[in-house]
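Okay, so here's just one chain, in structure tokens, the form predicted alone.
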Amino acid sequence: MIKKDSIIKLLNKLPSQLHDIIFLSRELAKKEKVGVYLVGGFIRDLLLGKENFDLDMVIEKNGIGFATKLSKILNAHLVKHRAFGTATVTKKDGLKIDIATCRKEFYPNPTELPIVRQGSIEDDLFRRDFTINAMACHIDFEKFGQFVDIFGGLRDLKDSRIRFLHEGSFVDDPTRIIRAVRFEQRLDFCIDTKTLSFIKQAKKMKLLEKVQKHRIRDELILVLKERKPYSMLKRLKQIYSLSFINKNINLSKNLKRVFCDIDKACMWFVSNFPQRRILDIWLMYIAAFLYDLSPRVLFRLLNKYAFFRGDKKRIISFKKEFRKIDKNLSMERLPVIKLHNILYPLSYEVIILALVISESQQTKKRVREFFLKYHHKKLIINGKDLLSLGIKAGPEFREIFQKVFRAKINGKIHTKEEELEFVKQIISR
């Protein structure tokens, strides 16, 4: 067991934004006379010396009431989830604190969502997935820094072991199988022998096949957001199989190369265009992961797992358009305006996937050229400028804009003055 003073030293070393919230919560706990705990992944990473800005607190009485008061102290945004007795406090700098009432859970049927009731800290820790995520630390005034480890999480942390809390764990929630793989690969731990044997039993019972599909979707997205997604998918295939997603999915060595190339291409993009929006790298992984499926099967699978419309559109867009894009971009002669017209309507993710998966060096060269030279190009003039030159609004507007843009994309004009002068030339002709 870790001594109280050791925990306090670790808490004192935290970045100031986390340290301040914890000590403000301590003062509020004293005022409200409630027990408050830091729990779960935050405590795990605190003990491992890993950075984790996701504060997770549980309160022995009214979690929502505590969150409401803390949000006022921090002048932060509050979202309440009354059905679950939880709330999320979000500071202006984006830092989030998840706050819950201590809960116990009952599973009416295997694989179904649990019924939640108020409980003790012991109940709250027992409902968690693995021992290393079932540790807590008091941050209320009198017991500040006192460590709570009922299930031997600290021992498993030292032994680099992923172990479930009870034998019904995977029956209650089969998605814990995916999470076991995720934590094992992320932390370079090993799933312990007994836990593995129960995963095998879950496989025989086809428990993952019975889970609500949107929950599987969410777990897979979390896997693909990790640092080693291919290793996680490979390990999941090894201990359970991937047929619960689709029996035709193939985890080939080529896919490993594609995942690696996606990483490199995204690093190139971010280093060259740091000001542009954050890429959905997970979406590129899943588009590559599902690429061998036929368009019809892919469409059905994305609907089955209730992928959001925008995500589904980008994945299907790549599947449908890649061969056409690759054929056009690999042509020997390709006018710049045509290059722009091919790639500009597509999302960054689809374009980068084309760069990665194409075997044509010409395609790769032109995608990079598009990003570096042409993607940012746009007209400075607008409809008001054309009206000021005496041009009546109508179909001519679009024709003029196209001609001006073609000249700009070809490097003939650059400034607003040059754009206006070019419009005047078009009018005079």
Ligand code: CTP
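Just so it is clear, the structure is predicted and the values come from calculations on it, not from any experiment. Just count from 1 along the sequence shown to find any residue number.
Another form, the form predicted in complex with the ligand, is not on view; read the next lines as being about it.
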Non-hydrogen atom contact E321 with the ligand in the predicted complex at 4.5 angstroms: no
With the partner left out here, check for me: in the predicted complex, does some heavy atom of H340 sit within 4.5 Å of the ligand? no
Give a yes or no for E60: in the predicted complex, does one of its heavy atoms lie within 4.5 Å of a heavy atom belonging to the ligand? no
May I ask you to check whether R366 falls inside a 4.5 Å heavy atom distance of the ligand in the predicted complex? no
Sort through 150-158, 123-131, 275-283, 203-211 and report the only stretch with a non-hydrogen atom within 4.5 Å of the ligand in the predicted complex. 123-131
Quick check on this chain: which one of H81, H77, K256, R186 has a heavy atom within 4.5 Å of the ligand in the predicted complex? R186
Note that the ligand is not shown here; using its position in the predicted complex, name the residues of 161-193 with a heavy atom within 4.5 Å of it, in sequence order. D173, T175, R176, R179, R182, F183, R186
